[in-house]
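Only one chain is included here, represented as structure tokens and corresponding to the form predicted alone.
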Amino acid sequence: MKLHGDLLSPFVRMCMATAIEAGIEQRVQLVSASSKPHEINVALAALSPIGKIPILETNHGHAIYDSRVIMEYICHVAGNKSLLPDEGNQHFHVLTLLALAQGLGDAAVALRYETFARPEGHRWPEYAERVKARINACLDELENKWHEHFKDVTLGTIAVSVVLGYIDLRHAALNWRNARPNLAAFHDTFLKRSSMINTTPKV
């Protein structure tokens, strides 16, 4: 299988971390690819009309996207039932936590584009503040309502830790650890896992 993307993307990194946690990292080849908000990547567009990373190209030549679907597919291929349990309540708790982490990641990447990639004269300060508010709302939700789920290694906790790492890398000034001891303790512990160590992006 070929995973098209770059570990600087939190969505690519969470897919590779899932492959490691599922024990099939040797079967997933990371193919360097990037997508910019103002350009079409022809190679990616040939695999997916969305044209964004990550895209997983299966051994049968099929393209799978986006990261949530790729992570679930990796669990399916590995026969792993712990990262995404079958049991109804657990299954949808994990998927909801994953969706929350994905939403946080979307906002963090959007803030990066707005404050770094967009030309300075075209930036929209009010939009940036709205995105920061969304980031903080997601972080508060994780701190206050999800800490009991942090003890398990699931698609949800993988995604949360990866996105927190992205925020540390790109938005350190947000100081997200302030008043969020549960989230900070979880992240500090999860970072010691081989899935996090072996997918640390090179800046």
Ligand SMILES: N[C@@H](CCC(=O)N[C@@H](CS)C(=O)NCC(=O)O)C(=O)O
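Please read all numbers here as calculations on a predicted model, not as lab measurements. Numbering starts at 1 and runs along the sequence shown.
In what follows, reference is made to the form predicted in complex with the ligand, a form of this protein that is not presented.
Heavy atoms within 4.5 Å of the ligand in the model of the complex map, among the stretches 117 to 125, 86 to 94, 73 to 81, 102 to 110, onto 102 to 110 alone. Interface residue among 135, 142, 53, 164 relative to the ligand in the model of the complex, by the heavy atom within 4.5 Å criterion: 53. Mapping the unseen interface onto this chain, residue 11 counts among the residues with a heavy atom inside 4.5 Å of the ligand in the model of the complex.
Within this chain, residue 57 is remote from the site of the ligand in the model of the complex, having no heavy atom within 4.5 Å. Not displayed here, the ligand is kept clear of residue 48 by more than 4.5 Å at the level of heavy atoms in the model of the complex.
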